[in-house]
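Quick heads-up: it's one chain on its own, the form predicted on its own, in structure tokens.
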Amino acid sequence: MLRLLLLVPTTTYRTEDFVEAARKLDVDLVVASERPNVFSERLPDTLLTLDFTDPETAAREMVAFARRTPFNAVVPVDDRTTVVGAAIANTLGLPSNTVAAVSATRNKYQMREALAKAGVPSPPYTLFTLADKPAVAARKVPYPCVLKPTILAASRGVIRADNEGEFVAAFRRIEAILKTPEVTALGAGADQILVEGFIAGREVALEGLLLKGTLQVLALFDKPDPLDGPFFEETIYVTPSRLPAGTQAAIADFTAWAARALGLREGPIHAELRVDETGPWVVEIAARSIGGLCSRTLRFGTGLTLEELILRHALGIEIETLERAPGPSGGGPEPAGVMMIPIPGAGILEEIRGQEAVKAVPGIEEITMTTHLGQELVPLPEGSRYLGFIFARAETPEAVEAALREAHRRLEFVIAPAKETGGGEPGAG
């Protein structure tokens, strides 16, 4: 029986979908998290604890573990596990990207440096640290610009500034985020702020699979809501894209170029790009699949989930087709979309109204709330979680988008004031 090591942070949304995919494939599954599971003592060979912040030590531990029962594949499920996953796979001699390539995707400054070295067009960028004086730094950058932590995900701490005053305010706000204990614990890069020239234009997300260096595009998502700042909270993803075929091809080519520049050759990638009158620009590329529960929008062949496809590729199991499942009228991929329900304000979530009304909207397939009553809500840029996810399928991408907007209109959230607000956990995209 094939044996799979799944690296799953305790904060991820994706455990259920990956475990279900492994069950369907009937593989021998071992799950490793950064915190002990309550059942770890009863299942010491199935539920492991690894320090994801120390890839070298984790790799040595897995080498010793694999001597008894070798693994056929190692699959990290989100950003926090990509580097340690590469380290383990490389040490065990399993197909994977190099640690250096994956590390470049985890630090936005390293990513920009690698892209620039390979000639991939990038906006102007400058790296600052918390030791720099914001007022001095503000005089060294072009406007408008975007300030962002180098190692955080889900648009946390990403802020646009149009002048020096806004720059200083944004710098101070990001500084407060970086000084929280959960961020300082991340280590290298936790004191860095990257400043990039703002890229205008439409934003898209490309979901792909690298096969020995060749990019296979699995889906291209439109983001119909403008993402112009000052914060960059993602909401709606709709696929297939409504962009012209030539533009979509250019996006795919540009993503493949950027992946090569970073040294990525194998496995899933998730790329965020902007498209203006000059063509595509890479915002960032991650060496993992789409975050949150957004993968539930995608079905392949006769019904494979994205997680099943990723596991099949990692384990060397045949994949009949990478084509998306057809839509109800045929002639193209199934139109589908997701709304990551944004947090409307800070405070304590007391009540969610309208969920049954959401389910009555034509085209709505599912609504899943990932925030529980009594939980403290922290909006961007300090937070990074969503209230939940709404999924839709319809005859056309336009109908999908309309269904998601109507569904969101029917929701109402009762939020009580909170005395204090803190940080957030990794979100989607």
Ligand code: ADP
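A residue's number is simply how far along the shown sequence it sits, counting from 1. This one's a predicted model, so the numbers in the text were calculated from it and none came from an experiment.
There is also a form predicted in complex with the named molecule; it is not shown, and the following applies to it.
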> Even though the named molecule is not shown here, does it sit in the model of the complex so that 153, 158 and 283 each have a heavy atom within 4.5 Å?
Replying inline: yes
> At the 4.5 Å heavy atom threshold, is residue 71 in contact with the named molecule in the model of the complex?
Replying inline: no
> How about residue 95: is it within 4.5 Å of the named molecule in the model of the complex, going by heavy atoms?
Replying inline: no
> Does the named molecule come within 4.5 Å of any heavy atom of residue 296 in the model of the complex?
Replying inline: no
> Counting only non-hydrogen atoms and a 4.5 angstroms cut-off, does residue 358 reach the named molecule in the model of the complex?
Replying inline: no
> Just one of 348-356, 223-231, 128-136, 296-304 has heavy atoms within 4.5 Å of the named molecule in the model of the complex; which?
Replying inline: 223-231
> in the model of the complex, which of the listed residues (123, 263, 326, 342) lies with a heavy atom within 4.5 Å of the named molecule?
Replying inline: 123
> Which residue among 272, 334, 308, 166 has a heavy atom within 4.5 angstroms of the named molecule in the model of the complex?
Replying inline: 272
>> Under the 4.5 Å heavy atom criterion, name the residues of 170-207 that approach the named molecule in the model of the complex, in sequence order.
In response: 196, 197, 198, 199, 203
